[in-house]
Every structure is written in C-alpha cells, then in structure tokens.
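In structure tokens, the next block holds one chain alone, the form predicted alone.
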C-alpha cells in the first residue's frame, strides 16, 4: 500500500514541475526584476518610487480600476437576470444556450476587437446600415472612445458571469417558492427576502472574478485602441516591449502592483462573502 501511495506521488511530479516552470519561476523573476536597477544593477526601490510619484502611472491604475468596476457591475446586473431567464427554459434548450454561452466566453482578445471593428467601427456594418436609414450615431458614440472600450469589456464579461451565476439558481428550491406562495408572499417578496440573500454570496464572488478578469485584460484593449488609453496592462506591455526603449524592470514593478491590487480585491471579496454568510446564518 505504501509503495502504491509513493507511486501516486511520483506521478504528480510533472504537474508540480509545470507549476514551478510556468508560474513560480516567472513570478519570482518578475518580483526580483522589480527591485533591480535598470541595466542589471543592484537592489533598488526606485521603480516603485517612480510609479507612486508619476501621475501618468497613477492614472493608469485609476482608469483600469474604473473600467473594471463599471464593466463588472453592469455585467453582473445583466447576468443575474440572464442566468435566471435561462433556468426558465426547457432543460434541452438550457444545455444548448449554455454551450453557446461557453463558446462566447472564450471569444476574447484580438478576434473580439476585430469583430467589433467590423460591426461598429467607423466603417462598420451597423454604422453604414444606420447611415442608410438616416441615423448617425457617430456624434454620440464611437467604438474607439472610452464608452466603446467599456462596451467591449462588458461583452466579454457577460458570458463568463452567466456561466458562473447559472449554477447558483440550483440552490433555490422549488418548495421554497411554493411555501412562500402558500403563506401569501408575492414572487417579488420571495426574491427580496429569500432568493436574493441566498444568491448574494455567489454574486459577490462572481463580481470579484469579473473585476480581476477586466483588470488583467490586454489584447482586446490594445487591438482596439493601441496606446491611446492609459491602462495598466497596456503600460506594462509598452514597457516590456519598448515603444521607445524597453524598461522591463519598471514593467515588472507595475505588474507586481497590479497583482497586489487583484489580491487585495480577492481578499475584500472573501471578507464580504464571509460577512454576508455570517449575517444570513
């Protein structure tokens, strides 16, 4: 038996090796590089000092947090109703809708940006069609603006939110609705007093995942706007690849701060989730 257990541990060596090579080594390299002077010098915290003293990098964090919060908030609100609507479909239709939703959740990055450009760009299909109908919304909306970028973020947030929220509705038992109805409660009062509190911890957890997902998004934003909008992932990419000249050490410091921001958001979510569950129990 002990030999069998030992063999099982041996089979996990490739798994832990992959984790070390593709997660731990790059993480430690990034953290070490953030404290390294440019050109391979010694230890320094000048990169962090530059980030906190430069309004340009502070604005990047402000913009990233803002667009992540807005897209996650709008995405979670729409997904709550969309996921509930899916549960009202017949079981066979639910599976088909979930398959499509799952495929859509993986449609992101450069292909997603290109699709939006084809449909809503300056010469996009819907833009030209609207002009043929005498509608010109180019004065109030452009895909390459802040609102257009937010729309793209919301689009790739929605399918993920629906996939995460859909299983939560299985916790709402049909007997609860029937008992509430027999006691004279309206559907609105049932969801307000019973349904929503049961879903709330999962909704808060899903919101934090959407926030982290948007904070780290790079390809869609860069393909759509290039360096026109100041976001943290775009700044990191520019510093590593070098728009003018590369500064990978400063880029590593930005990446470390981005990781700390995401870790802080997840810790706040964990605290809120535990508090909500404690208050409900």
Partner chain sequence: MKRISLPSLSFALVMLYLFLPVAATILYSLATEWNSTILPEGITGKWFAELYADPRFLQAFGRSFLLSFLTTVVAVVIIVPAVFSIIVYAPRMERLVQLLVMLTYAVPGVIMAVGLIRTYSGNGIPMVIITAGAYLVGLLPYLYQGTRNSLLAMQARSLMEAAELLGASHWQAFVRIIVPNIMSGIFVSSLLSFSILFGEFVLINILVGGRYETLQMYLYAKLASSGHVASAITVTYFVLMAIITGLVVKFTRRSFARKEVP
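Residue numbers count along the first chain shown, from 1. The shown structure was predicted, so the numbers you read here are calculated from the model rather than taken from an experiment. We call the rigid core whatever largest set of C-alpha positions still superposes within 1.5 Å between the two forms.
Just so you know, the form predicted in complex with its partner chain exists too; it's not on screen, but the next bit is about it.
J.: Closest heavy atom of residue 101 to its partner chain in the predicted complex, within 4.5 Å or not?
T.: Residue 101: contacts its partner chain in the predicted complex.
J.: Answer yes if any heavy atom of residue 88 is within 4.5 Å of a heavy atom of its partner chain in the predicted complex; otherwise answer no.
T.: Although its partner chain is absent here, residue 88 would touch it in the predicted complex, with heavy atoms inside 4.5 Å.
J.: At 4.5 Å between heavy atoms, is residue 142 in contact with its partner chain in the predicted complex?
T.: Flag for residue 142 set to no.
J.: Closest heavy atom of residue 42 to its partner chain in the predicted complex, within 4.5 Å or not?
T.: Judged by the heavy-atom cut-off of 4.5 Å, residue 42 is well away from its partner chain in the predicted complex.
J.: Here the chain is shown alone; which of 51, 60, 67, 236 has a heavy atom within 4.5 Å of its partner chain in the predicted complex?
T.: In short, 236.
J.: Here the chain is shown alone; which of 114, 176, 196, 146 has a heavy atom within 4.5 Å of its partner chain in the predicted complex?
T.: Result of the distance check: 114.
J.: Counting only non-hydrogen atoms and a 4.5 Å cut-off, give the residues of 7-27 close to its partner chain in the predicted complex.
T.: Residues within 4.5 Å: 7, 8, 10, 11, 12, 14, 15, 16, 18, 19, 21, 22, 23, 24, 25, 26, 27.
J.: How about residue 17 - superposed on the rigid core, does its CA move between this form and the one not shown by 2 Å or more?
T.: Comparing forms between this form and the one not shown, the residue 17 CA shifts at least 2 Å.
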